[in-house]
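Presented below, as structure tokens, is a lone chain in the form predicted on its own.
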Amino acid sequence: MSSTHLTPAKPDAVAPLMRGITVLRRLTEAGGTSSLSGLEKTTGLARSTVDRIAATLARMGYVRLDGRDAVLAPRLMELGNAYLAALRLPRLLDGRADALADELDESVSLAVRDRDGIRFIHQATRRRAMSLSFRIGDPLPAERTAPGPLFATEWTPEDWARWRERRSADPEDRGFPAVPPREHPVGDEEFEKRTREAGAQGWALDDQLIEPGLVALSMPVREHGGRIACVVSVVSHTSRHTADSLRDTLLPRLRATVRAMERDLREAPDRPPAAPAGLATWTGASKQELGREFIESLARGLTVITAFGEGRAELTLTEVAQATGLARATARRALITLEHLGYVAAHGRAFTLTPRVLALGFPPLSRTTLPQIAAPHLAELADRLHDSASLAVLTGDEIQYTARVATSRIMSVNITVGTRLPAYATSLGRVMLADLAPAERHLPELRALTPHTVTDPALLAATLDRVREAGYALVDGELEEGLRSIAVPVRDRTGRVVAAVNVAMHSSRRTVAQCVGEVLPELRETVGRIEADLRVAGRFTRVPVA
């Protein structure tokens, strides 16, 4: 076999990598959480093998072990992020899609072809009582979508043969869990007709093919050479539009957006390659520390996926080895396995990631919220300090608790998720207020909640300036007598403060000096982990903060 073009061959495939990917797929299909015994049943693997795979994935930060359950962790999204970064389309086009959604007040999606199906890579959705949105990375059958017939205009005879084979084997679309099964399977002729019409018209409609009430209008966005790069869709409900009225009303505006997107693709400058992953040393150290419980070949195989990214859409075998720090032979076997499974495609001497990489956890994780990201980290912090830990966001002149882990002390802080408190008198509120310009701080009349509450506006402003400089806030008895808390801000990828985390306790538990010397370092370390997860999760998706 040539070392530059990897034809699928079982003798060279890495079995532990194949088994590990199977576990990730089953976890994805289960919505992101499954018991280890459930994974044993759905994968057909031995329980000892499942345990070792779960331990390896947990070591990588891709899975969190919660008792007897395995839970997908936000860091796993770095695999899908590698594909999306290499593709470049979300970064280049998502602003246009979002603007179109705002202008039309309808949901707008970007989709790419995945063999004889499609996957969404970006969504700008509207919140309505009757709305339907698919998760980024969900596979959909081409024949039940508006983008499908547009992509099918470029299918080869082999593609059509594969599509017919799939249709024959699965007439009800049971292999596509994101869509309802077909109640009345139809023949192939209808989709073939829609494809011919799409080729002649340059656009396509979905008139309630996926689910009653859903209508969509799609147009292709073409690369400089004329091939379809992606398809943009406007999605509505029959309570707002029929398929025909959607076309008649919105097609001119969709055309204008597509023209602008195609111009963006033509004029996009090349970006320098991202820094190599270089994780081979880390995987070797993990193997030494954990012994046989760490499956090094699985970790290294998944590391190969992260070698791709912005400026690294196509890599040779040598470049993959250099980017990961793996031996050439190790990288080659990983590429063989990934190509065999459909996650990598070979083009002469170069390799690219395929949309199927998004199947590794991205759909359920694309709906992750900041409270979900923070929860396990707060639990670990509370366990280490034996005091309550909370996450909150700023809403006007109040804070609202969005995640909390309380301790079981006789004397504890009685606050629940959803509780609102005045921002000016809390450590959580002060670190978030400190990030705002003075004109943006909407404060009510400063009332004395205890004899210690700061009520002088000038003194509060000076206090917030010190908080901003120090990077933390400590409030002692200003909200309630005997309550002492310390907080640090949580920043998103842009550096903007979007939330805050605190540790709260009775003043008898620790002195102010102990809070700063003992609690603050632990608090900052926890927030660093939350921010790291938030950076990964928020690279190509919007992470709700509440």
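All values reported here derive from a predicted model rather than from experimental measurement. Start at 1 with the first residue shown and count on from there.
We do not show the form predicted together with a small molecule, though everything after this point is about it.
S.K.: Does at least one non-hydrogen atom of Leu315 fall within 4.5 angstroms of the small molecule in the predicted bound form?
M.R.: Judged by the heavy-atom cut-off of 4.5 Å, Leu315 is well away from the small molecule in the predicted bound form.
S.K.: Consider Ser109 of the chain shown here, and say whether it contacts the small molecule in the predicted bound form, taking contact as heavy atoms within 4.5 Å.
M.R.: Result yes; Ser109 sits at the interface with the small molecule in the predicted bound form.
S.K.: I'd like to know if Ala434 sits close to the small molecule in the predicted bound form, meaning any non-hydrogen atom pair within 4.5 angstroms.
M.R.: Flag for Ala434 set to no.
S.K.: Going by a heavy atom distance of 4.5 Å, is Ala321 a contact of the small molecule in the predicted bound form?
M.R.: It does not: once the small molecule is placed as it appears in the predicted bound form, Ala321 has no heavy atom within 4.5 Å of it.
S.K.: Only one of Ser297, Gln123, Gln372, Thr463 gets a heavy atom within 4.5 Å of the small molecule in the predicted bound form. Which one?
M.R.: Contact check passes for Gln123.
S.K.: Considering the small molecule in the predicted bound form, which of Val235, Ala473, Leu360, Ala403 comes within 4.5 Å of it through any heavy atom?
M.R.: Only one option qualifies, and that one is Val235.
S.K.: Counting only heavy atoms and a 4.5 Å cutoff, which of 145 to 153, 254 to 262, 90 to 98, 376 to 384 contacts the small molecule in the predicted bound form?
M.R.: After filtering at 4.5 Å, what remains is 145 to 153.
S.K.: Does the small molecule come within 4.5 Å of a heavy atom in each of Tyr424, Glu478 and Ile486 in the predicted bound form?
M.R.: Negative, none of the three is within 4.5 Å.
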